[in-house]
Ligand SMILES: Cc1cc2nc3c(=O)[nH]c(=O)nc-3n(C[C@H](O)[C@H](O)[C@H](O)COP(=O)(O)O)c2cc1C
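Take a look at this one chain, the form predicted on its own, written out in structure tokens.
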Amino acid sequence: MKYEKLFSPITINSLTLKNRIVQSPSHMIYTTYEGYVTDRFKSYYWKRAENEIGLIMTGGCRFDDSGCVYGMMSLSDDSFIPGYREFTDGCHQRGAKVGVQLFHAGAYTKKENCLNGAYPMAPSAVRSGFTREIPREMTLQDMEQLIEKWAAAALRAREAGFDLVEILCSAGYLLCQFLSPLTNQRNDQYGGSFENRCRFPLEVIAALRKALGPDYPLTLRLAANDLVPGGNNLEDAVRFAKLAEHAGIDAIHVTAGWHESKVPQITGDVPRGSFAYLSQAIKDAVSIPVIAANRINDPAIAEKLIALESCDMVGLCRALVADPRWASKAKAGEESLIRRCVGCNQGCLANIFQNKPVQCVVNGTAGRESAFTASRRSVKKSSWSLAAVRPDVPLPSLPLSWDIRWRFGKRRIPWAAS
């Protein structure tokens, strides 16, 4: 096999993965407004699950009404469990393990996106550079209640069949806000010194570890550099990664930057694998598996990063939006056939910030997998028709010539009526 290290197994706590490829968590807006699973959500991930992905990470997932974004999946109560159980069963049947990222945006929550009368809250009442709004400062009671909800959602995730739970501490969301001196201006035991700023995130980790038990995989999505002037840098992230491992984290998913960062991270002009120095630094400091992310959309780059021990696994997000068969093509040695993400961020990131479902400029089927039950390649050219691709859509009553053009790729048939 050409990419032997990429397709070698690895273990996270008690969970064994068949390869080192992780579908990184990303908000998709494929669920209902309340956060219930849909056919669109299931078919999107199931398409990737059947194509050699080792671990699929969904994300983010709401568990509190004050910290969500529009159209986010939810495990805020037991009513969500049956639907996501069906989803995880489908992933397992297709050969992939699946995890969920529990999400709280903190000051990055817009007031209009809060549910049931909630209001955005954060470590301090500091104007957000992302939403341009001022959240309310969290009380000690808020923190205690939020930890309880976080742990309860983790238990629901396990009951729903998820193989792994991830805690979000990246992109400038709530736990990042506690760690940063820019957004954490508290004067109590949760603010001030680096140790105090780490206190709440470590309490979250400890609570989830206690609730889930010692053998259930618990991972952390970590911003290894805020890329915001005055924020935390790589040295701070390394210090926190060590503390997180000690608190019970089983793997660290390394990324970079906040949403308000001015340093490009995932655009097309960013060289592939250029942020792997961050995962390298974290890997050198901890003894648990480390996942590298950001612009790793080439299997040769992924193989090289693992071979050089810059990481143990690679996280792909938009690369798998662009081509759900990325992993299966790489495994078969058909990497030249991979449909590459061009890093335009138009149908994915731009759509999300406008509360629109993810689409892709190089993959028109992304998010519409259930509508395409057969491809042109799987149907004989002479018999291809709209009915073969969309059996749920009846052919309209049109003149014979139009029906023939549909069936034969718009080629004119001499005897067809005009």
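Heads up: residue numbers just count along the shown sequence, starting at 1. Everything numeric here is computed off the predicted structure, so don't read it as measured data.
What follows is about the form predicted in complex with this ligand, which we do not show.
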Have a look at 207-215, 191-199, 329-337, 290-298 and name the one stretch with heavy atoms inside 4.5 Å of this ligand in the predicted bound form. 290-298
Would you mind picking the one in Pro135, Gly172, Gly99, Gly315 that has a heavy atom within 4.5 Å of this ligand in the predicted bound form? Gly315
This ligand in the predicted bound form has a heavy atom of only one listed residue within 4.5 Å, and of Ala160, Ile266, Cys114, Leu182 that residue is Ile266
Report whether all of Gly54, Thr219 and Cys311 sit within 4.5 Å of this ligand in the predicted bound form, measuring from non-hydrogen atoms. no
I'd like to check something about Leu168: if you look in the predicted bound form, is any of its heavy atoms closer than or equal to 4.5 Å to a heavy atom of this ligand? yes
Even though the partner isn't displayed, in the predicted bound form is Phe80 close enough to this ligand, meaning a heavy atom within 4.5 Å? no
Is there a heavy atom of Thr255 no more than 4.5 Å from a heavy atom of this ligand in the predicted bound form? yes
If you check in the predicted bound form, is His27 within 4.5 Å of this ligand, heavy atoms only? yes
Given a 4.5 Å distance limit between heavy atoms, list every residue of 335-360 close to this ligand in the predicted bound form, or none if there are none. Cys348, Leu349, Ile352, Val358
